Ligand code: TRP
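What follows is a single chain, given as structure tokens, in the form predicted on its own.
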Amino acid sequence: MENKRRILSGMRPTGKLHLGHYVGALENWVKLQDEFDSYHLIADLHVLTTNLDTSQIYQNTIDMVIDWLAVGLDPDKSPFFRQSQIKEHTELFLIFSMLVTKARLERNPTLKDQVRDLNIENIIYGHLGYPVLQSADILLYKGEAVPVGEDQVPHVEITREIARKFNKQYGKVFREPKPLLTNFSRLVGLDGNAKMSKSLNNTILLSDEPETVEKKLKKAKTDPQKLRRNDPGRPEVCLVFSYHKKFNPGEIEEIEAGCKSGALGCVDCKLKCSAKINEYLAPVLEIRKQYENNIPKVEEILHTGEATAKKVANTTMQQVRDAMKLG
């Protein structure tokens, strides 16, 4: 049997996931789990880089794992595990933090974007160093490929640099992972903002019931020039049309023609879109409810995944300690 290349994918547990998460990452993860030896990380320690309140992390983790299961991630193919439960993450992070300079981390473009977007005045040490923790996350499992969009390539480069420096200093333990460039789609938020974000309250959750989806979509921004039903519209500037492209491709030509001619009003267009999104979400909601009613099963999935991850992490750390003569 051919050995599959290993990848590690992760998300910070911030609670229930939305359609933007599905389109941007989860849909791709589901495909990759058949092509690769996949590990799925719940990056609960990474939450601390921008929020020190840990009171909701466990519940947010459970909610996120239920969403992962509901969209088709299979823990038998790809273990799910919490970063905080595998102590080797923090041990390797500490070692790696000795191999990278402050100046190198300050050049990270993603950090600059986060500081700007979150209006952070004083950067904490852990936030500056979060790409180093990510490097530990990836290299602890000997990840060979990292599924990322273009904007995350700088993080993979930091990981490659740290792997090189460790190998040169102590002997070869790590492979340099390569970015697995994926065309991550971005779903525009209901308010017309560039992306769906819970902090902007412009999302459709994977757990939303049909009436909630319909209600949310009724308020979605459309073409500001299409004020009445018979006014000709511009589908290319309408976020609802972008949702049709994803969830209603079979009717896309008809929707586009109806919008442009004015024959299709925004209310009817939104109702059609709601129906298609609800059609997609129906099986997701069904699986969600099964797990919501069986939280011990969700916890068992986590504990099983953590036992699997722990074995791999322990082996890697033993190799690290041996190489460093710390064994």
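Please read all numbers here as calculations on a predicted model, not as lab measurements. One rule holds for the numbers: they count along the sequence shown, beginning at 1.
As for the form predicted in complex with the ligand, it is not shown, yet the points below apply to it.
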Listed residue that, although the ligand is not shown, lies within 4.5 Å of it in the predicted bound form (heavy atoms), from 43, 284, 48, 62: 43
Contact test in the predicted bound form: residue 317 vs the ligand, heavy atoms, 4.5 Å: no
Non-hydrogen atom contact residue 84 with the ligand in the predicted bound form at 4.5 angstroms: no
Touches the ligand in the predicted bound form: residue 97 (any heavy atom, 4.5 Å): no
4.5 Å heavy atom contact, residue 10 to the ligand in the predicted bound form: yes
Which of 243-251, 138-146, 201-209, 217-225 lines the interface with the ligand in the predicted bound form (heavy atom within 4.5 Å): 138-146
Partner contacts in the predicted bound form for 149-177 (non-hydrogen atom within 4.5 angstroms of the ligand): 152, 155
